[in-house]
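First, one chain by itself: the form predicted on its own, in structure tokens.
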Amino acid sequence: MLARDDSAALKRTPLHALHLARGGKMVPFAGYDMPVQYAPGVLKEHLHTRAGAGLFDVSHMGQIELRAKSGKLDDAARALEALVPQDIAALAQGRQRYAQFTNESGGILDDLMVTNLGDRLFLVVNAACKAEDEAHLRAHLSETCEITTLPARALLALQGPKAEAALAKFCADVTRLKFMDVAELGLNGLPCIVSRSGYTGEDGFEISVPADGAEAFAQALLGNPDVLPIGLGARDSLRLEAGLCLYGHDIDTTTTPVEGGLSWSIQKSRRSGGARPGGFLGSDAILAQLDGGTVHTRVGLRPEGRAPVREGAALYDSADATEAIGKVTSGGFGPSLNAPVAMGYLPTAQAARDTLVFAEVRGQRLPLRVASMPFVPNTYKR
């Protein structure tokens, strides 16, 4: 937490005044003054998103456009493939793909979403990494691509089973979108980029909107009684139940996409024997792990008691073992499950489902079992 005098240095999103007006409890997050919760509290906000529609301010995240200097989208896609293990060249217009920037050793610099908008690629990156991501792109792609950051755009996420109905009141075309589809649509008189995606495990949308119209649009959405503003606390418990990684916690520069359980995001064409194998930063290490496996891997964990096991807790293979075999990278209480959940890293040989391990919590060894993820089934509209 920052001292009071330091809070003035925090950046504000275009929805900052709305957060204050709605009684948001503000905290420093990734250099921004952000709401961690509103009056209902984290548990009720979490459950409302699962049953209705939650509106999240994710404007602190970075938005970047990538255009090839040749004018050909395929050139931009192939250029970006030097920095990510994903098949960007095959990404169809109006589709989005999850990707990771990797370093020379295969570690993850950041995870991101990449969209083909026909004449350009549209990237959404994490708030804490966006300056480094921009520098990384400019260092490697400036000769072939125009790289444009979009600080004058806000980003909203509308998540939950009633998100489609709430957004369709502004534009019926959103009902045509399937999971990971993207369209440029007019919403509330604003030119928006709408993706059917999110980070809660629920059906929903992420909406890039001009910053000067973001508050009015958010207020219009909140005029629907099915829509409530949701803070960072519930966003974290929702993504944890969905088994989704939080950058800087579950994945970072020391973990590869394979170790992080993200092999599914690397298409066949970029793997050994594929049409365009390797050629991205860290490809030697990542392809070797795809072919031969990893020493450690990310797993889901279900504590057997009611006590949450938090990030950083050491993991042991018995109640009296002296050497830790892994650690928890995310953990907390899952309101939808009414039980604690966690994820962390274990030796791959000890990562089979139902394996019993123990976490050190305040001097006690608490039992957990390796579990499948997601902990709560996703409801994506496919």
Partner chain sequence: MTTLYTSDHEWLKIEGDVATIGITDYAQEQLGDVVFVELPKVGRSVKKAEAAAVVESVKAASDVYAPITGEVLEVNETLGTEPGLVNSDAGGAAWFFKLKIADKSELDGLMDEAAYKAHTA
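Residue numbers count along the first chain shown, from 1. What you see is a predicted model; the values in this text were computed from it and never measured.
There is another form of this protein, the form predicted together with the partner chain, and it is not shown here; the text below is about that form.
Exercise for the section: Would you check, heavy atoms only and a 4.5 Å threshold, whether residue 333 touches the partner chain in the predicted bound form? Expected result: Contact check for residue 333: yes, within 4.5 Å of the partner chain in the predicted bound form.
Handout entry: residue 11: touches the partner chain in the predicted bound form, heavy atom cutoff 4.5 angstroms
Key = Close contact is absent here: in the predicted bound form, residue 11 is far from the partner chain, nothing within 4.5 Å, heavy atoms only.
Handout entry: the partner chain contact in the predicted bound form: residue 213, any heavy atom under 4.5 Å
Key = It does not: once the partner chain is placed as it appears in the predicted bound form, residue 213 has no heavy atom within 4.5 Å of it.
Practice task
Using the partner position in the predicted bound form, report whether residue 310 sits within 4.5 Å of the partner chain, counting heavy atoms only.
Solution key: Close contact exists here: in the predicted bound form, residue 310 approaches the partner chain to within 4.5 Å, heavy atoms only.
Exercise for the section: Counting only non-hydrogen atoms, choose the one of 349-357, 314-322, 30-38, 47-55 that falls within 4.5 Å of the partner chain in the predicted bound form. Expected result: Within 4.5 Å of the partner lies stretch 30-38.
Handout entry: Among the candidates 42, 64, 26, 68, the residue which, in the predicted bound form, approaches the partner chain to within 4.5 Å (heavy atoms)
Key = After the contact test, the surviving option is 42.
Exercise for the section: Give, in sequence order, every residue of 343-370 that has a heavy atom within 4.5 Å of the partner chain in the predicted bound form, or say none if there are no such residues. Expected result: The stretch touches the partner through 362, 364.
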